[in-house]
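One chain comes next, on its own, written out as C-alpha cells in the form predicted alone.
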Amino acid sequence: MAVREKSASSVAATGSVRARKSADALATAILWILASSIVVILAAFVLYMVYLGWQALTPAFIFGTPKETEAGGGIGPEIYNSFYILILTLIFTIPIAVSAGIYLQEYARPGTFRNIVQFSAESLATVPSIVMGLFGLLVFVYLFKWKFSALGGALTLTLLNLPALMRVTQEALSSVPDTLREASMGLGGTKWQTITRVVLPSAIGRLTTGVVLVAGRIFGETAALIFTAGLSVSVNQPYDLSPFHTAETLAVHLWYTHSESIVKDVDRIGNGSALVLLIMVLVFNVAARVAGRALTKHFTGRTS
C-alpha cells in the first residue's frame, strides 16, 4: 500500500515538472516572438521608406537648395541645419544635464532642495513641445529680438531635453556598484576623483545611450523649431555659420512640404526627405553606440 502511494506521488511530481517545463517553454517562445517583432517592425518600416524614397536620393536632391514654387528642389541646407542645431543643442544640454545628474546622484542628500529639483525636472519633462516652442517664440524671438534663429531653436530644444538626459545620467551613475566607489575612496581618492576617474568611465556606455536618445529627439523635432528656428533658409547664404541665421531643419521641411508647399513634386521631396532623415538617425545611432562601446572598453577594459 505504501509502495503504491509512493509511486502515485512520484507520477504526480513528474507530471507537475513536465507541466512547469511546458509552461516555461511556452512563455519563452511568446517572449521571443514579441521581442523579435520589434526587429521585424523596424525592418519593415525601413524597407518601406527605402521603397518610397530611394529614387529621390540623387546628388542634386541631397546637396541642392530647396525651391518654393518649382519642381526639382533639394534639401542640402536643411541637412546642414539639422546637424547645426543638433550640435548646438548638445553643447548646451550635455554639460548642464550631466552636471545636474551628477550632483543629484552623488552629492545631494535627501531633502527639500533635492525634491524641488527633481519635481522641477519632472514637470519640465511633461511640457508639450509645442508649448515649449511658444515659450521660445516669446522669449528668444520677441523678447531677445533674435528673430527666427538656430540659436533660439537650440536653446528651446535644450529646455525640452534637459530632464531626459539628466534622468539618464542619474540612472547610469546609480548602476555603478558602490564597491568601486569604496575602493577608490579607500585608496585615497577624493570624491571628485572617484566620480571623474571611476564612476563616469564605468557609466559612459549608458550615458552614450542617453545622448543618442536625445539626439534622435532633436533630429525629429518640429513643433518647437517651427516657432523658433523658422520655416525657410537664406537664399544668399544657405550654409551660414552664424547662430542667428534662419535654420529650417529637415524634419520641419518635411512637415512644411506636405502642409504648405505648392511645388509639383511634393511627394518626391517628402519621401526623399523622410528617407534621408531616417538614414541620418540610424547612422547616428550606430555611430554613437560604437563610440560608446569603444569608450567603455577604453576606460574599463570591458564592453557595455
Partner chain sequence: MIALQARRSHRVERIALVGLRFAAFFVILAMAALLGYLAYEGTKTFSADHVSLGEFLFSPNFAVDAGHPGSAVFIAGSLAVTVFAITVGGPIGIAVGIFLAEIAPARMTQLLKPAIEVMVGIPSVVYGWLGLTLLVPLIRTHTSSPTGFGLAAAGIVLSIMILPTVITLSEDAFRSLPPALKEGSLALGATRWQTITRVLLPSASSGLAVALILGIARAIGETLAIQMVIGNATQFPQGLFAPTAALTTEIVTDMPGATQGSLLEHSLFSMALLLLLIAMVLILLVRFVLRRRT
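Here, rigid core means the biggest group of C-alpha atoms that superpose within 1.5 Å across both forms. Given the structure is predicted, the values throughout are model-derived calculations rather than measurements. Positions refer to the first chain, counted from 1.
The same protein also has a form predicted in complex with the partner chain, omitted here; what follows describes it.
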Original post:
Out of 83-91, 70-78, 158-166, 174-182, where are the residues with a heavy atom within 4.5 Å of the partner chain in the predicted bound form?
Top reply: 158-166
Original post:
So which of I204, A223, V211, V233 reaches within 4.5 angstroms of the partner chain in the predicted bound form, heavy atom to heavy atom?
Top reply: A223
Original post:
Applying a 4.5 Å heavy atom distance criterion, does K191 contact the partner chain in the predicted bound form?
Top reply: yes
Original post:
Does the 4.5 Å heavy atom contact test between N271 and the partner chain in the predicted bound form come out positive?
Top reply: yes
Original post:
Would L241 sit within 4.5 Å of the partner chain in the predicted bound form, counting heavy atoms only?
Top reply: no
Original post:
Hey, in the predicted bound form, does V198 get a heavy atom within 4.5 angstroms of the partner chain?
Top reply: no
Original post:
in the predicted bound form, which residues of 116-136 put a heavy atom within 4.5 Å of the partner chain?
Top reply: I116, V117, Q118, F119, S120, A121, E122, S123, L124, T126, V127, P128, I130, V131, M132, L134, F135
Original post:
Quick one: core overlaid, is S37 moving 2 Å or more at the Cα between this form and the one not shown?
Top reply: yes
